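Here we start with a single chain on its own, the form predicted alone, put down as structure tokens.
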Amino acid sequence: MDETVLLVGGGGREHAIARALADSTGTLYACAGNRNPGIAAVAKGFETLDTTNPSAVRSYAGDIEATLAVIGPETPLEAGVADALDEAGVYAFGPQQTDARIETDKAFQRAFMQEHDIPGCPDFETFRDMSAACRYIDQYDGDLAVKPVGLTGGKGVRVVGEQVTPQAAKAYIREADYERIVLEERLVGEEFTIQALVANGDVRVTPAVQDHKRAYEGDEGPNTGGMGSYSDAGLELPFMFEDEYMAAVDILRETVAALDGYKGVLYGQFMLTAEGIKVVEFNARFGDPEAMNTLPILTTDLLDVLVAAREGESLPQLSFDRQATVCKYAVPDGYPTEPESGTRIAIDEGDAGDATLFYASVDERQDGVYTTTSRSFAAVGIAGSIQEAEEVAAEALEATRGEGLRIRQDIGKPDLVQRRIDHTSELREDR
């Protein structure tokens, strides 16, 4: 049976998914709120629509006679797009609205971990009364992370003792006017992520990746959706031991077992601390940028995974090239606080050398490709070592970046990776 796959979403993550599916025997269509030229180039059809409108997505799926769908971003999952597609007979590789709460509702996420004794849950409290939340900050013995309950695009968290003072955290709580917030103990260590493809009770994991949320070199500045990331040639990162990687995988497995019937991607963001592995958060979809690290080195046919998921079969084991990857984003000047949009960019992929370019939050118009207020495009280097992969990515960005865009130069560089190794060595000494 020939498969017609609908990809929902138009960012860099979705471009990586599109590339992975374009190499299969299926026919790819896509829809998004922006016209991503990279996705449009490999898809048979591309429809511009509101992907948080379940009826609109379901209608387009019907028009193209889709047999499978992959939902990239979190906002369509929160809106119930997977539910609408499943009800229409189009198997959606993405959790339904109720299960997507593992990402979209941080209060649910922590209560779920507590109820099911999922390892790695930090100390936390949830508040609707912001005055009570401010009192909790005053009384708590230690630093706290302030997390709005709903989706904030990776930009809503404020960490006391790292980003803000207690006074600034309280002002943020009062001024931001969130309906609910979670206050949880600040986790100190090294962050990493593991993405798992999940269906029919199977959990198939990918190599660990380290994302870089802060806007500027040296992990300075405000949080972003992610400025870039790297992975090593094996499953673990250079600062991790195998048992630490497996401890995180065990947390993912226990979470999937407790969710009962979850399908799609479960992304675990973890912190390697002096007390072991802790859960920073779960996401209900591929990471962005982490998808651009893992999917280009995936040698298993992604379409085979989707078909097995739909048919209720055991998912194929995942295989990866033993290569390191470094992903670096080019973002508009001013990103993330006051990004400048509407700049026309001219990217010649022929100038990227050995790197792979992924378009992200850009909009293709009749007269060219323009920036939006989010990340523009990424370059991914793939090589035998992280250092070599970083050099490939950096060279590509130097040749293609253009005016009005900036990057984080330090991601994947040897001194940054060594600092991570030294830091985790110190953490283990404190155990």
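The first residue of the shown sequence is 1; numbering continues from there. None of the values given here were measured: they were computed from a predicted structure.
Keep in mind that the form predicted in complex with adenosine monophosphate is missing from the display, and what follows is about it.
The stretch in contact with adenosine monophosphate in the predicted complex, judged by heavy atoms within 4.5 Å, is 268 to 276, chosen from 353 to 361, 94 to 102, 303 to 311, 268 to 276. Contact check for K147: a heavy atom falls within 4.5 Å of adenosine monophosphate in the predicted complex. Proximity of V280 to adenosine monophosphate in the predicted complex falls within the 4.5 Å heavy atom cutoff. Although the partner is absent here, E185 lies within 4.5 Å of adenosine monophosphate in the predicted complex, judged by heavy atoms.
Not displayed here, adenosine monophosphate is kept clear of P339 by more than 4.5 Å at the level of heavy atoms in the predicted complex.
For the options D86, E191, D202, D219, the residue carrying a heavy atom within 4.5 angstroms of adenosine monophosphate in the predicted complex is E191. A single residue from the set R253, K213, R180, R344 has any heavy atom within 4.5 angstroms of adenosine monophosphate in the predicted complex; that residue is K213. Residues are counted as partner-facing when one of their heavy atoms sits within 4.5 Å of adenosine monophosphate in the predicted complex; in 139 to 178 these are A145, K147, G154, V157, V159, in sequence order.
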